[in-house]
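The chain below stands alone and is given in structure tokens; this is the form predicted on its own.
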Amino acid sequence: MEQMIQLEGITKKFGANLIIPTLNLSINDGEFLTLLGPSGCGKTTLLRMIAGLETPTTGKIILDGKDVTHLPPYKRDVNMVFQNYALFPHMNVEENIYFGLKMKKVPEAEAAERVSQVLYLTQLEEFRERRPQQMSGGQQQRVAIARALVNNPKVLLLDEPLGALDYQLRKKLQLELKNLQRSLGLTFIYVTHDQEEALTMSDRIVVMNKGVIQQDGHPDAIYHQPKNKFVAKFIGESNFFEMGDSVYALRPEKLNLCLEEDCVEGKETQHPAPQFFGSVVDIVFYGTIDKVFIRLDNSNQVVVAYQYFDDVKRWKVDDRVGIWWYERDGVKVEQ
């Protein structure tokens, strides 16, 4: 697969503050790549450098084989979509989308055709005469995406584009965005702090913390094989167990419980012996599951296991339980 973007030795300082230490990253053509991390981790700064809105302190940005490190935004073949939409309130949908083509002096017939195409792609044809204030948040965000796409960029940069929307609308637009990216074959670079959003939309996730890449890989690998404690904590939920000199991360769905008196390894139980024992301290209803919280013996550590509604055993507060897991499910992580 061809590389669309290469970041080589990128660093970024604001005054005396080092925001991004030396960073190297390659992004493939047609890839949906997500930069994921907590607020202040450097992901938006990195996106803004690719867009040309910030300049790296050191290093190079290569776009489709061309060094664009010091080129202004309008000379880069990228477009950016912001969380706040940034639409012109005095223009209707069609005029908002057409504006960029007008500035680039695209011939009128070609511009009209391109506007019609993106209106169709973003399901906005029936709203072409509406002003932004007459539209919902989700519709306005689609206009912002259409305005970016109409310029035929090689790369679309999206900075928390769904962050201001309610949960149900976000879920709907996540699916729409992913389908749009797949149908266009465009390179999308997406910034979010929402782990679920990253896992469901991305071809590849780059997890960042304090400007440093913690893990770079397929969503399945990021979730099931976290490299260190930060990734295991940040992506979903994890329990940590110290065993000798090693630390193992276990997802709640991988923890199994048995009554203390019944937890015996052998033919009858058909499972490994418990690694730890403890007492159930709380059970919390979460819609599709109950979360069972267990305080480990001789420790203040509380771990969580999932209880599904078709489970034969229903746990209660103060139950004494053993905790076990299959060897394949325990992931040894770096501290």
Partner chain sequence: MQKTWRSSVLLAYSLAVLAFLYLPLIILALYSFNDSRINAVWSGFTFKWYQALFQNTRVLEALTNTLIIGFFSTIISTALGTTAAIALHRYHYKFKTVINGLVYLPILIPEIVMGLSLLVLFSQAHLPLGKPTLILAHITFCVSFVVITVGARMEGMRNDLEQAASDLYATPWQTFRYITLPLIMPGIIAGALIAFTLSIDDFVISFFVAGPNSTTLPLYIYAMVKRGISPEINALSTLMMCATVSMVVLAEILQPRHHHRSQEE
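Please read these numbers as outputs of a predicted model, since none were measured by experiment. Positions refer to the first chain, counted from 1.
Heads up, the form predicted in complex with its partner chain isn't pictured, but that's what we're talking about next.
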Heavy atom distance at most 4.5 Å to its partner chain in the model of the complex, all of L53, A86 and G100: yes
Heavy atom contact within 4.5 Å of its partner chain in the model of the complex, the stretch among 234-242, 249-257, 121-129, 89-97: 89-97
Its partner chain contact at Y223 in the model of the complex, heavy atom, 4.5 Å: no
Contact flag, V78 vs its partner chain in the model of the complex, heavy atom cut 4.5 Å: yes
Exercise: Q117 in contact with its partner chain in the model of the complex, heavy atom 4.5 Å: no
Contact of R48 with its partner chain in the model of the complex (heavy atom, 4.5 Å): yes
Option touching its partner chain, based on a heavy atom within 4.5 Å in the model of the complex, out of Q140, T187, Q214, S202: Q140
Sole residue of Q174, N209, N228, N151 within 4.5 Å of its partner chain in the model of the complex, by heavy atom: N151
In the model of the complex, residues of 142-165 near its partner chain [heavy atom within 4.5 Å]: R147, N151, A164
